[in-house]
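Shown below, as structure tokens, is a lone chain in the form predicted alone; questions about how it binds or moves come after it.
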């Protein structure tokens, strides 16, 4: 039998919230549990026919180029690459796509959702975007996808690029604003200004996307209750279909973490209580304006028409095939990540091998915990559906943890569903760790 990442039962323990490290839980088991010795397990999974062909399949495409890295960014990105470098990378992406499409686990399966992330995907020149999307669509047809999301930065969201993206089938545009205050943006390493946001927004609305999401952050250096409230007011005035608000993390190995560790921060960094309070006020402002809070981070104008398929399907067990350097995948119950080395990535792709650097095969127990953890971030878990899929009664397996959250006012039970209250939703990523297996609770997440 192939090895799994862990398979133990979870005791209920109290945890503290450290000021630094990774807070946002995007995968389980945590990335630190993914190992080199399971790479062949991931490759065998790709080379096997799908055990459940009806499981939705999505694509993630990583474009690791930026004008400048933000101080808090921990995603793999480059701010010093030439056009020639970008051309070579696009060609590698298209070659990797053909490798994956030929894999028995993915061959012939319809694409349900697509996400272009980075880096800054809109940093690519339009000619390279055309080469990428045209070539990718020839390998993985996206015409039947329920959602195609593309991340943009205000400074690089030009009219010609936006029009091309819409014509090519992008249905959801995500604009990284973070703040409308130029001094706060500069303090946190953002290169755009509020004027760039205004210009980009006019261009976006002229083109017209079915859903446009606007990203904000709470916890940025230099912010206050007043600036956060003003950011939300200005966002509401633009009337985006979706608003996402993240609480700032301070991951290890970022410039922000280094300055904090050395005592060189140029302004006070808000704590978790402040960030939660500001997020709560932001959600209240959005609700007063007619939005519906749909997850621990987002609110939408119409919860039926403005879903985030990429997130919803992943959190309910969909397969995800990642393309590009350092991208993440989840296929056939195996998490894996591509190499973070450009040279190793290029060498693997050119020799016809999936460029996998580390992996983690999940046991049935871990798969159940993974979906419970991720669905909590959407605010609720349906006990009946969970039992139908995993044969696990939530109250029996996780009763201690769930009842402890109810007692704290962070959750409630209603009609066979376990729901986070607003106070629980504000700390969903922190609460998710209560369901980690013991080994994973004592290791660094990332």
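Keep in mind the model is a prediction, meaning the values are calculated, not measured. Numbering follows the first chain given and starts at 1.
This next part talks about the form predicted in complex with a small molecule, which is not shown.
- Taking the partner from elsewhere, residue 119 is found to have a heavy atom lying within 4.5 Å of the small molecule in the predicted bound form.
- When contacts are judged by a 4.5 Å heavy atom cut-off, residue 251 counts as touching the small molecule in the predicted bound form.
- In the predicted bound form, at least one heavy atom of residue 153 sits within 4.5 Å of the small molecule.
- A residue is said to contact a partner when one of its heavy atoms sits within 4.5 Å of a partner heavy atom; residue 339 fails this definition for the small molecule in the predicted bound form, lying far away.
- The partner is absent here; in the predicted bound form, the one residue of 260, 75, 164, 328 having a heavy atom within 4.5 Å of the small molecule is 75.
- Taking a 4.5 Å heavy atom cutoff to the small molecule in the predicted bound form, the contact residue among 317, 324, 176, 354 is 176.
- In plain terms, the part of the chain that comes close to the small molecule in the predicted bound form, with a heavy atom within 4.5 Å, is 213-221 out of 263-271, 213-221, 199-207, 296-304.
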